[in-house]
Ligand SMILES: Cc1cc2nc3c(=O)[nH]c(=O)nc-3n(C[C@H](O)[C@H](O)[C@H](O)COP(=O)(O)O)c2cc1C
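Heads up, the chain below is alone and in the form predicted alone; it's given as structure tokens.
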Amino acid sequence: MLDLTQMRRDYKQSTLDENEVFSQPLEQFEKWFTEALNSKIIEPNAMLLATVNKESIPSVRAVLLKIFDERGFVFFTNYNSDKAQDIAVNPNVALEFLWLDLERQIRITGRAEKISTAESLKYFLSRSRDSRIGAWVSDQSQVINSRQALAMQIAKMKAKFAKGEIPLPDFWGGFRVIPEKIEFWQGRENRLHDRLLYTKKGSDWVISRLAP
């Protein structure tokens, strides 16, 4: 077996001070996200989404953040997928962005809810034609016989929608995660990391420093 006990790296790139951050977490998120974009990290909008199903079994997977604003963080999926079924029975979810090149992570907890059909349609129409076909083809999270069967379904859908626009499937759309807590984590030397937690209190956000 590999010995992992000696794998360690000190984080020295930056610091995180409560006197220097924005009072609103979405402004701080936008600042860090812009820095992640500028750093050329692969898929900086990739985030881990944790859900719990009706048997209280947790699941985590990567999804892509497509919209964020003062209302929350939006991703898109098949509404018949495992993640959507989990959210249907328990809307409490967690998100995490992990940007190791910047020695940073952001953790978000909140409630997920479906966005409007109009919002989903607007994003759907911005996707490539092949991606829109893909939304129709993939019976997400279900067992399939083979990759060939998937290819056959793609060909079938391309023929079906050969003429005209591809409509929004009624089983596909977005979820918005409405944050209740957002933690910004900056790696520091000797594992004594900086952790600032924003907690929603009514219409305000309260900032607390957490022990590393």
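Bear in mind the structure is a predicted one, so any value in this text is a computation, not a measurement. We number the residues from 1 along the sequence you see.
Although not depicted, the form predicted together with the named molecule is the subject of the following passage.
S.K.: Identify, from the list 97, 124, 136, 76, the residue with a heavy atom within 4.5 Å of the named molecule in the predicted bound form.
M.R.: Result of the distance check: 76.
S.K.: Using heavy atoms only and a 4.5 Å cut-off, determine which of 90, 109, 105, 81 is in contact with the named molecule in the predicted bound form.
M.R.: Checked against the cut-off, the match is 81.
S.K.: Work out which of the listed stretches, 139 to 147, 153 to 161, 179 to 187, 22 to 30, brings a heavy atom within 4.5 angstroms of the named molecule in the predicted bound form.
M.R.: That would be stretch 139 to 147.
S.K.: With a cut-off of 4.5 Å between heavy atoms, is residue 63 one of the residues that contacts the named molecule in the predicted bound form?
M.R.: So residue 63 counts as contacting the named molecule.
S.K.: According to a 4.5 angstroms non-hydrogen atom cut-off, is residue 46 in contact with the named molecule in the predicted bound form?
M.R.: Residue-level check for residue 46: yes, a contact with the named molecule.
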